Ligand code: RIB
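Below you will find one chain, with nothing else, as structure tokens; this is the form predicted alone, and questions on how it binds or moves follow later.
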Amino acid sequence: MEKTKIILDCDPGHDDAVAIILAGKNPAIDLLGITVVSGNQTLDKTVRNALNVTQYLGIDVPVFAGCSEPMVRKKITAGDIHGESGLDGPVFPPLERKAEPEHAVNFIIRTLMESDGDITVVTTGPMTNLAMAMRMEPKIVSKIKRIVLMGGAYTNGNVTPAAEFNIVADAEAAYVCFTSNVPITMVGLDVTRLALCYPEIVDRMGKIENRASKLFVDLMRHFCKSQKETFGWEGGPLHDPVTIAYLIDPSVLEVKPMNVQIDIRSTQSYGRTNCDRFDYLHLPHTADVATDLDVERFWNIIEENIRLYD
């Protein structure tokens, strides 16, 4: 089996942590490195969370700290959902792992420039690190096989009526990426809202009884509780792992090519991903946008990957 080489750029975050579980051991994925950005919490916390998850699960990949601020706008975080640590719920053993001394942006540039153009960049947080890498070294653009991002929506947002968190947290960075001409698969709220982690899903994964299973349960007990308190939902949507599930098995998503433009100029709709689903504008398609999720297959992928751990 030919592995898909990926850089996972994330802001852990409960759903990012599950994305790491999927990417860490799957035989279809070659995880080259984890780059971390401010997003769900401040950079010091998201880096610590990435190190805790990889150490706990024995995932031997380097972790790189990246950008602590958006390119233009004022920083926002999502502590109301992910807690003070950004990963409230699990109790990890003392942290011994350290982030690499190289900045995440420099790692992205170096790794892509040394590649054969066969690396997919997966972003599950604000796209700041990748956009900064593109601006610092434009030659990497032709080296990126594809960008697969969790972000945006062609319907409604989750921070404002128009905008999803990862995009609105740094819409200028998303604009850079979406105007780069790199092939893009956008996995937005339209499909990730279908991946609702109901209590029976948590119980199902808990029966596996390994380290990854325990971590998943500890993560989701807190995540689902915060979703219920904030939105009244019985199950929290597990957004970020859908990107990795798609790379493991593309049939899990239905996608449609669309022209996608990032709104960086308006007040009410800043951060909106304007997706021309019906080709009203007759403009070139700039992204494959996910339109449906095979929910049963998605949870099977989660279970299959949790079982890969000791």
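So that there is no doubt, residue numbering starts at 1 and follows the sequence shown. On a predicted model such as this, the values are computed, not experimentally measured, just so you know.
Heads up, the form predicted in complex with alpha-D-ribofuranose isn't pictured, but that's what we're talking about next.
Peer 1: At 4.5 Å by heavy atoms, is each residue in N158, F165 and H239 next to alpha-D-ribofuranose in the predicted complex?
Peer 2: Verified in the predicted complex; spot residues all in contact, yes.
Peer 1: Within 4.5 Å, heavy atoms only: does M127 come near alpha-D-ribofuranose in the predicted complex?
Peer 2: No, no contact at 4.5 Å.
Peer 1: Tell me, yes or no, whether T35 is in contact with alpha-D-ribofuranose in the predicted complex, where a contact means a heavy atom of each within 4.5 Å.
Peer 2: Although alpha-D-ribofuranose is absent here, T35 would stay clear of it in the predicted complex, with no heavy atoms inside 4.5 Å.
Peer 1: Examine I184 and determine whether its closest non-hydrogen atom to alpha-D-ribofuranose in the predicted complex is within 4.5 angstroms.
Peer 2: Taking the distances in the predicted complex, the answer for I184 is no, it never comes within 4.5 Å of alpha-D-ribofuranose.
Peer 1: Is there a heavy atom of M132 no more than 4.5 Å from a heavy atom of alpha-D-ribofuranose in the predicted complex?
Peer 2: No, M132 is distant from the partner.
Peer 1: Quick one: from I140, I147, V202, L189, grab the residue that has a heavy atom within 4.5 Å of alpha-D-ribofuranose in the predicted complex.
Peer 2: Looking at the other structure, the residue within range turns out to be L189.
Peer 1: Would you mind picking out the stretch of 21-29, 296-304, 282-290, 8-16 that comes within 4.5 angstroms of alpha-D-ribofuranose in the predicted complex, counting non-hydrogen atoms?
Peer 2: Stretch with heavy atoms near the partner: 8-16.
Peer 1: For the stretch 76-101, return the residues whose heavy atoms include at least one within 4.5 Å of alpha-D-ribofuranose in the predicted complex, in the order they occur.
Peer 2: Residue within 4.5 Å: H82, and no other.
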